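Shown here is one chain on its own, the form predicted on its own, set out as structure tokens.
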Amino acid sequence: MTALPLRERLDLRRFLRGEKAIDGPVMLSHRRIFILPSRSGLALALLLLIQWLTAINYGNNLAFILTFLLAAAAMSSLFYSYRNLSGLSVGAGKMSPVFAGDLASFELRLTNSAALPRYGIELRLKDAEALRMDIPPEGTVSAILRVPAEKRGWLELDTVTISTAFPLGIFYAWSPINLKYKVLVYPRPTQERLPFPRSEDDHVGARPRNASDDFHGFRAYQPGDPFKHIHWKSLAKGRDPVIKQYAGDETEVLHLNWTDTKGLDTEARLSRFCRWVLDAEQAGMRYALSLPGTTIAEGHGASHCRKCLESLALFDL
């Protein structure tokens, strides 16, 4: 651990914001852990003061013994509170992209390399519900902090405060940490399913089937699909319309261009593109995406879908 300059050591913002963000994991040590009496601790201090003055006034040795015994127990709890945090390692876990408006999940992994358990460890993050846990000896516990993802782009993890009031609750020990940990937020797709845009570059439909073409399965109906491919028997039974696919069919290629969404603001355009990408992927189509400054060739599959959604999330940022 590199030494902090004196100016940073004396900066009072370290008590609340912690030190600069690092890739992690972060090891909690004396430099990162702060301790103050809790409300119960302050009440106990006032009680001991009154008890000590009473012992002096009456010259009662038993009162002196009780006062010093309670004070010693209180002071020893300070070291236990420190030890409950000292040596913990905090690192980032898995991260998964989310859509705007959903809850982003930040996974933190707390590792206890000591042979003693850690009790009553609490994690707090602004705009997230506090988590309380115990960590077994030489064990690792995962904690997931959920934060509202309000807008697209990168959502960075704010300062996380790890604290404990163990064992007596009269001292509050805490450590604010900062990790270079961020989650990508995709644009929120429009709720309504809109027809796909059509252009001269799109390959719509399929070649005529031969007798040798084998039935391949069904896919969900999309606006613009040929009526002759609809599975009418399924529709007659009151089910959602589906399209019959054959092994010899050509895969439809959809070209999504920025000009297809004229008249909308930027966020509305990105939301519509997000819906089209998700629908095209679900329909098993091949699709290409063209944005100002970015062009993604036609493709299909999870990696291609993720690449398109990433381009939408980071567009013009």
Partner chain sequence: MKKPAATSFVPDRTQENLLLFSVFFVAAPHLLNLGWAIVLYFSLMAAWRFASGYRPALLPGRLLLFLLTLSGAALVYVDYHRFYGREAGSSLFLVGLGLKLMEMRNRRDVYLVVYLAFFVALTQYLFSQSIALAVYTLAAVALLISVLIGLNAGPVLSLKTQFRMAASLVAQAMPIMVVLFIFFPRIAGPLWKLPDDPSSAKTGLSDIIEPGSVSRLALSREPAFRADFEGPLPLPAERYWRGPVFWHTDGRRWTLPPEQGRNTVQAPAFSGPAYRYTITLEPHQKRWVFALDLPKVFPENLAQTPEYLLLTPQNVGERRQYTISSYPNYRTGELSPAEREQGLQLPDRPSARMLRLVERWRQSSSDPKDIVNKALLHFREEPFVYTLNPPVIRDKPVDTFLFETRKGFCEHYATAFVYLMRVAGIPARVVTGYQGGQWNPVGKFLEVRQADAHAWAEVWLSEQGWTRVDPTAAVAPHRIEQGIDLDRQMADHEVSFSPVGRALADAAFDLHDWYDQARLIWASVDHAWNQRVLSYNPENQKRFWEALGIVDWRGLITWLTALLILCGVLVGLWLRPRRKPKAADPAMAAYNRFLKKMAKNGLVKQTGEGPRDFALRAASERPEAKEAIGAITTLFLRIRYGRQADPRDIDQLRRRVRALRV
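Residue numbers count along the first chain shown, from 1. In this text the structure is predicted, and so the values were computed from the model without any measurement.
Below, we refer to the form predicted in complex with the partner chain, which is not included among the displayed structures.
Though the partner is left out of this view, residue 264 does not reach within 4.5 Å of the partner chain in the model of the complex, counting heavy atoms only.
Although the partner is absent here, residue 34 sits far enough away that none of its heavy atoms falls within 4.5 Å of the partner chain in the model of the complex. Residue 180 falls outside the set of residues with a heavy atom inside 4.5 Å of the partner chain in the model of the complex. Residue 151 falls outside the set of residues with a heavy atom inside 4.5 Å of the partner chain in the model of the complex. Remark: of stretches 187 to 195, 164 to 172, 142 to 150, 102 to 110, the one touching the partner chain in the model of the complex is 164 to 172 (heavy atom within 4.5 Å). Of the candidates 290, 40, 282, 29, 40 is the one whose heavy atoms come within 4.5 Å of the partner chain in the model of the complex; the others do not.
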